[in-house]
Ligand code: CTP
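Let's start with one chain on its own, the form predicted alone, as structure tokens.
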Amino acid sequence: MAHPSDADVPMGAVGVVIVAAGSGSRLGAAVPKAFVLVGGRPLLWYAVRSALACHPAALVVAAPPTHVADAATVVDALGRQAGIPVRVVAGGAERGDSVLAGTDALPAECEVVLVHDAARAFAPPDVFERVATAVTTDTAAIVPVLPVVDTMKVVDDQGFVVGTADRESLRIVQTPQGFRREVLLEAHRRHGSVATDDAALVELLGRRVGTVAGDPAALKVTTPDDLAHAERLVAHVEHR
């Protein structure tokens, strides 16, 4: 995986943590979200395949404790084919617990950690590359983003509009998000494990969070409509 230019201080090896412990309740699925099938394969399979295409030093999947063996079945062959160590560990009760479990399982030489959601299974490999390359000693956290194209209104608790947000300064945030390992660990240990966005915890440390271009393909599969979109995406990409 690529690293910063000579103008920046290069970091060490890159490790990837894929958080796959989501319940999938909003999908109405009978299995955790990462194991919902799209094009005949679990979402987790696509997420791991994209991450391995960037040749990280190691990859860890944080799976629901009840599905650790199932996750290993999904990812073992991908790891062997890529020649990259892939481990599966039990995730925790909250998303942050899973991030910590996955990060702790990475080899010590992984100084940069990319945290990715299995629900964003179709994030292209070049997004992983952009994020990893942008992490430096000065910019300890990087998130991929997309511009906001819709008008955004601020609404009060009674449903009335109280303002219009300046969309020029707004961005849609995706994963993978990249971090210096020690900064990611400090952020989680100091500010809890309930955040849905790891970069928000780094912000609470007072550290700057940089951005790189995201990709529309990195949609988050959350609802049945998202799942239908993912099916169309796979049908287009896998069979062209």
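All residue numbers are counted from 1 along the displayed sequence. This one's a predicted model, so the numbers in the text were calculated from it and none came from an experiment.
Only in words, not in the display: the form predicted together with the ligand, which the text now covers.
K.L.:
Report yes if any heavy atom of residue 95 sits within 4.5 Å of a heavy atom of the ligand in the predicted bound form; otherwise report no.
P.N.:
Close contact exists here: in the predicted bound form, residue 95 approaches the ligand to within 4.5 Å, heavy atoms only.
K.L.:
Though only this chain appears here, would residue 33 touch the ligand in the predicted bound form if you measure heavy atom gaps against 4.5 Å?
P.N.:
Residue 33: contacts the ligand in the predicted bound form.
K.L.:
Does the ligand come within 4.5 Å of any heavy atom of residue 16 in the predicted bound form?
P.N.:
Residue 16: no, not in contact with the ligand in the predicted bound form.
K.L.:
Are any of the heavy atoms in residue 171 no more than 4.5 Å from a heavy atom of the ligand in the predicted bound form?
P.N.:
So residue 171 does not count as contacting the ligand.
K.L.:
Any chance all of 132, 136 and 208 sit within 4.5 Å of the ligand in the predicted bound form, going by non-hydrogen atoms?
P.N.:
Judged in the predicted bound form, none of 132, 136 and 208 sits within 4.5 Å of the ligand.
K.L.:
Spot the stretch among 137-145, 160-168, 118-126, 70-78 with residues whose non-hydrogen atoms come within 4.5 Å of the ligand in the predicted bound form.
P.N.:
It is 118-126 that comes within 4.5 Å of the partner.
K.L.:
Scan 55, 191, 26, 41 and let me know which has any heavy atom within 4.5 Å of the ligand in the predicted bound form.
P.N.:
None of the other options qualify; the answer is 26.
K.L.:
Even though the chain is shown alone, can you say which residues of 125-143 have a heavy atom within 4.5 Å of the ligand in the predicted bound form?
P.N.:
Nothing in this stretch is in contact.
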